[in-house]
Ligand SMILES: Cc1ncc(C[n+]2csc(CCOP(=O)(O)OP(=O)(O)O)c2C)c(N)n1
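In structure tokens, one chain follows: the form predicted alone.
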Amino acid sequence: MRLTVGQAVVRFLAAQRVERDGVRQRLFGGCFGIFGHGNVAGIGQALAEYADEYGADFRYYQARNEQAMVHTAVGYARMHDRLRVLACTTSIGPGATNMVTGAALATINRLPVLLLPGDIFATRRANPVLQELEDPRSYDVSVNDCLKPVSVFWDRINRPEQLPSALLAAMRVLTDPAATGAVTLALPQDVQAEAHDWPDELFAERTWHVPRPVPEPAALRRAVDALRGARRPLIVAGGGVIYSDACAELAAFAEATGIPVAETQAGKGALPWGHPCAVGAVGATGTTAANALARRADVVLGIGTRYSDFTTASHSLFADPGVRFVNLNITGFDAAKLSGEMLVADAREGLAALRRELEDHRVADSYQAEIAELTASWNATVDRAYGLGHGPLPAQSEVIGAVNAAAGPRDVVVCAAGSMPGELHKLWRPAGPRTYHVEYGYSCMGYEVAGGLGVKMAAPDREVFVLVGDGSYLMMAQELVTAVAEGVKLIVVIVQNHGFASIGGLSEQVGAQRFGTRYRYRDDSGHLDGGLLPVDLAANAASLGAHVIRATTIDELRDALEQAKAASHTTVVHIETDPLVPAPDSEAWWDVPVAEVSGLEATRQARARYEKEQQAQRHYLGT
């Protein structure tokens, strides 16, 4: 079959399928793209031709920002438990490098997305082309090399003959649960338009089978021995529990053994919040219940977690002198962390194997009573945070409570950056998996609206509540236009607090006195401490095509959320909050260095606190 490289790419992607547990489906949900001279004649022409011939079989989606469309693809893949993927195509130059942030986010979160950036001429016949980076060391360097360190697979297709092997390698990585993330195929613009005679087999339907590796018997015995010897075991459930569809098995294991379950940001919702074994968020943004148990845990069973610094409270949380870790993870890289006993396997298969081996084992009644008492105390704390009645502006915790009450059992909350992710982690009460979508691997400002769009595309029958602060909204709100254009309904709650509230609080904590964190006019002394800027984010959202409701009180917010749920179109709810009202304390630490010397008394005091907290940090070297 004689096709251009661009046409061959599109036909190949449309023919890919994925299968897990006997369920077979299309791998690609379509392609986002913004066209320029680097891809309009290649991938752009191919998408147009394919749509003309096959209709919506492989749909093109028009984006407004290249970084945002990668975020949308990430939200889509996460909601599909990494079993479905979107492609993203851009022109050479700014379009391609705009995707670097999105690629980093995808790879850090281990979520698959295919990037198809245009590139310079492979033949070099027109060099230097518009937007080409000229490197005097080599003619084979382009701006797309920036994507190498943030991609798990990267290749440049300089000849049509190279395409089949590159496409097959890309699919292998995109469907590999142990090693997925951003995959980049850089496509020189002349090669995209070049014709070649392709074998018909390249375009035949191809199914990629996602495996469920089982535990190695000896490793399973070691893990079982460690858990049997534990007096105060604790489970830390990460995103891998949800991606492997292991939530039911986790619940069965916890119920059988009585072991409490704490959750990372990605793992939140692995157990519903009212489950007797659910102790909530763990770490620097965790609950007092989970963190109290973590401090005294003698064996920690980490499942599908990469143990970020927030989860471990910067290696200060797990304080028992003899604490041991058993790490059930599909990747050996993560299973080896904290000198853990490595149980390399699929989360569902590993939990099933552990449950069979521990069917006669259960924690002591006194430990279960302690778990229940700690959890009840934290639940009362959340109730108070939800109903503060703070005025004249409400607290952010009250906004979270109102949205949580408005969300149905299958609805999804989306957030990524600012002070809200930390408060959501400890305060949100998830009804189950895939209802809590906080991107906290990269915590990328601007992810929220774009990521929420991807979530809604993946789950059109659910309400998607996007919670976004004013700082993050101003970074990237353009995909509201895409949501409106595609008829994809979002409920976006803009929390306006006139600045970077999260970093403002952190700045105060490290003795920097909230410098540079408030949205203000510059005053006569030259500081950004003047009056509030006349920014109207609600009007901005309306100008992008969204229906807007302004709320000033929590009661008005509740009414607005009900109106938004009843609407058939994207609705933005705007409310101002008081940024100085703190959330309940997690009683855990996060390591952010403080200046060792300073003329500011606030900084000197912060340094003294920092040095004291550092003393709790430790190396988990095992025995």
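Note that the structure is predicted; figures quoted are calculated from it, not measured. Numbers follow the displayed sequence, beginning with 1.
The following text describes the form predicted in complex with the named molecule, which does not appear among the structures shown.
Visitor: In the model of the complex, does L427 have a heavy atom within 4.5 Å of the named molecule?
Guide: Looking in the model of the complex, residue contacts with the named molecule do not include L427, since no heavy atom lies within 4.5 Å.
Visitor: Considering non-hydrogen atoms and a 4.5 Å limit, does the named molecule approach G469 in the model of the complex?
Guide: Looking in the model of the complex, residue contacts with the named molecule include G469, since a heavy atom lies within 4.5 Å.
Visitor: So in the model of the complex, does any heavy atom of Y307 sit within 4.5 Å of the named molecule?
Guide: No, Y307 stays farther than 4.5 Å from the named molecule in the model of the complex.
Visitor: Heavy atoms within 4.5 Å of the named molecule in the model of the complex: does P112 have any?
Guide: Output for P112 is no: heavy atoms all beyond 4.5 Å of the named molecule.
Visitor: Hey, of 173-181, 73-81, 413-421, 143-151, which bit sits against the named molecule in the model of the complex at 4.5 Å between non-hydrogen atoms?
Guide: In short, 413-421.
Visitor: Identify which of Y386, F500, W273, F318 has a heavy atom within 4.5 Å of the named molecule in the model of the complex; exactly one of them does.
Guide: Looking at Y386, F500, W273, F318 one by one, just F500 meets the 4.5 Å heavy-atom criterion.
Visitor: Looking at V510, M475, V484, V210 here, can you tell me which has any non-hydrogen atom within 4.5 angstroms of the named molecule in the model of the complex?
Guide: Exactly one listed residue reaches within 4.5 Å, namely M475.
Visitor: Which residues in 420-451 have a heavy atom within 4.5 Å of the named molecule in the model of the complex?
Guide: The stretch 420-451, when checked against the named molecule in the model of the complex, contributes M420, S443, C444, M445 at the 4.5 Å heavy-atom cut-off.
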